[in-house]
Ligand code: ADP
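One chain follows as structure tokens, the form predicted alone.
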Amino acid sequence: MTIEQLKSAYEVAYQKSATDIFFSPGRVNLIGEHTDYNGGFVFPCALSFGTYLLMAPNNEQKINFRSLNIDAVYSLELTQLTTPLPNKAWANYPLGVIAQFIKRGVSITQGYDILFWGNVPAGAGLSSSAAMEVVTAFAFNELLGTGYDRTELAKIGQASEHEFAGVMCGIMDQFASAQGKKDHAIYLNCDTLAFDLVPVKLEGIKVVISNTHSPHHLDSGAYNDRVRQCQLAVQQISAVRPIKNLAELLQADFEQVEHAITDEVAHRRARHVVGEVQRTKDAVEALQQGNIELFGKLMTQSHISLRDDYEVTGPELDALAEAAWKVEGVLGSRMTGGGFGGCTVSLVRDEAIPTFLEQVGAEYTEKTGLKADFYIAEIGDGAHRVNA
């Protein structure tokens, strides 16, 4: 939808004009998966599509939540803003953000009429939830004059996801949505939150996102299981070498202490994390040196580790990645996001894109009975006010 169409939709919904419009992007993670909550490195970039928030104050002591993507409407008194809604209501994502402002001592004394619309495919692993959290945080930060920086807004979004959605996610998704910059990826240390914006220069190569249309469900428990398994590995390793998180270990360090992990599943999870942190470091260095071929190989190695050691891919993601690997002109392909469905991300030479779309699409449908969608990714800016 265009901005004008969104403004018209707001007028239909609330019989008045929106006074403010904000946007936050979804993200794709190029490499560094399931390392963020283990204190490791990630390398995401913001996308050009995301979530819009239109709002205006009202004369009621309540906040009204509507979405053009979902039918359910919620109207909450200002005294009801710190309690999650039941039945996994979509409004828990922005509501949880508002609750974080209140927890930080911010007074909400004004009611608002809010309308969301997003063009991040839901359940695709491209962080539609983080985009909604961050756009809400950015909007209230602007309107209430609270002065939080973008890193704090990302923390607010992450806390909302933990407390109101029940997903113990790392910081990556919200951070990328808040801090993204056009044509750059974010090399983020998830332990310290130190980061560098790295130019993504891909001459004759495109980033192609492939959607399995097998939606991932991070709140299904499988994601939180991985968090607990990594925590168990840290606990057992700490009996022989005290550590705070798995990402502290270099590969050589891990080989010296991995015997302490007596749980076989936790051992495999830890092996992935330690290897993925190193792959991410190597991939960023390769990109900075212009060695895109090595970057692509590391992406493929990442998928294999996520498939075999972390077990978060599944038949649909594997089918897409394996089909991509067969196409000449594909430098690398891997699942992106939390897994259990969602999307892959591939580096594809320009001249190979038509073959990629046809061949990968046909093989995926043959293997799964599903139809994939493909997006040529454009790397965009992080959260911002829309001037309209």
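For every residue, the number given is its place in the sequence shown, counted from 1. Predicted model, so just to flag it, every value in this text is computed and none were measured.
There is also a form predicted together with adenosine-5'-diphosphate (ADP); it is not shown, and the following applies to it.
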message: My question is simply whether G96 lines the interface with adenosine-5'-diphosphate (ADP) in the model of the complex - judged by any non-hydrogen atom within 4.5 Å.
response: no
field: Distance check, N64 to adenosine-5'-diphosphate (ADP) in the model of the complex, heavy atom within 4.5 Å
entry: no
field: S128 within 4.5 Å of adenosine-5'-diphosphate (ADP) in the model of the complex, heavy atoms
entry: yes
query: Would S48 show up as a contact with adenosine-5'-diphosphate (ADP) in the model of the complex if we use heavy atoms at 4.5 Å?
result: no
query: Within 4.5 Å of adenosine-5'-diphosphate (ADP) in the model of the complex, do we find a heavy atom from each of D309, G341 and V345?
result: no
- prompt: Among Y112, W90, Y148, F195, which has at least one heavy atom within 4.5 Å of adenosine-5'-diphosphate (ADP) in the model of the complex?
  reply: W90
- prompt: Taking adenosine-5'-diphosphate (ADP) in the model of the complex as the reference, which of I102, A122, I304, V265 has a non-hydrogen atom within 4.5 Å?
  reply: A122
- prompt: Of these, 242 to 250, 265 to 273, 283 to 291, 114 to 122, which stretch puts a heavy atom within 4.5 angstroms of adenosine-5'-diphosphate (ADP) in the model of the complex?
  reply: 114 to 122
- prompt: If we check adenosine-5'-diphosphate (ADP) in the model of the complex, which of the residues in 149 to 171 reach within 4.5 angstroms of it by a non-hydrogen atom?
  reply: E161
